[in-house]
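Here you get one chain, nothing else, as structure tokens; it is the form predicted on its own.
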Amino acid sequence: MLDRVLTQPRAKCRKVTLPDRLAALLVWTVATLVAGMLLWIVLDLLRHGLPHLSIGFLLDAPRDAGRAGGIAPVLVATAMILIVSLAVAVPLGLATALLLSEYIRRGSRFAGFVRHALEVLAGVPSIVFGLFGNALFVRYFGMGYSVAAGGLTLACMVLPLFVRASEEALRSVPDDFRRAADALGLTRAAAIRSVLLPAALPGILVALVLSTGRALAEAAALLFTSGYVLRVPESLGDSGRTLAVHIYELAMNVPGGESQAYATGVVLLGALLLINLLTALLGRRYGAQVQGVRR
């Protein structure tokens, strides 16, 4: 029977019809437009921002309401708010993802309700999160306009995205890994720590990159929570201005600040690219290790 299968003539390829060609043309056109739009934005940003970018711009304090000087206090405030945000969102998000994927049976109504709530929260506009953070952290808890209030608000905003992406990464781990852990007599906690999390790490890193990118690019929510004071925060209780808020202020409220806004935009773009590059390298490294284990 195998000989007959091997000796049969190859089936003719399906003829490419006009609708197929039009669909392919539409897909290529849309992809080209998207790539061209991204390239246009990046080139415009680099053309206006690179001439004003220097080491001094990164290390000096701003002068004349940001029209001159650098962005050192802005970089410090951005790093502090981002650290607070991820320090809260990553542990809570990872614990929630593990709960949904490993501890609650599939098809559970409670799990479905939590996923639906996360999807709704992921679609809430950032300005609404800003109002929520202002009411809860700034006023109710008395934090005022501070790094802590801004970081906690960002944590609430990026948490749904991180949870859903991390849950998908955990669910993508083959069930053979879980069965192997059971065969070795590992407890569920030990299996999660030693088997599942390392295998799902590339996907979790992707979730971390997406969350970091959204947090770095956020301005509306932070205007209501962290404020826009242009100085180095001395503690989590001080107000601070992030890169995105600084760009907004220079472009909208400071006459003559467009060139500094473009330069700050180049720094923000560079930070996002650097985070993506480091995460891609780590994901490739751990992904290769997981592939080696599977073989």
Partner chain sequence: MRRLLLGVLALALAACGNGDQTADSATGGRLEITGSSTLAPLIAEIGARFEAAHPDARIAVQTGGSSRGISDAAEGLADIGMSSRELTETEQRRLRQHRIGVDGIAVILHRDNPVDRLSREQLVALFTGGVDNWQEVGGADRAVTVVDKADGRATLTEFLRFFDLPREAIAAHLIIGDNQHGIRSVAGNPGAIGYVSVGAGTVEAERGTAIRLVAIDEQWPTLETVRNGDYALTRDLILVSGAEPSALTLAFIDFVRDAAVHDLYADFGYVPAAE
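Numbering follows the first chain given and starts at 1. Only a predicted model underlies this, so the values are computations on that prediction, with no experimental measurement involved.
Another form exists, predicted together with its partner chain; not displayed. Remarks below refer to it.
- Contact check for G227: a non-hydrogen atom falls within 4.5 Å of its partner chain in the predicted complex.
- I71 falls outside the set of residues with a heavy atom inside 4.5 Å of its partner chain in the predicted complex.
- Put simply, S101 is far from its partner chain in the predicted complex: not one heavy atom of it is within 4.5 Å.
- In the predicted complex, its partner chain lies farther than 4.5 Å from every heavy atom of L58.
- Heavy atoms closer than or equal to 4.5 Å to its partner chain in the predicted complex belong, across 213 to 238, to the residues L223, F224, G227, Y228, V229, R231, E234, S235, L236, G237, D238, ordered by sequence position.
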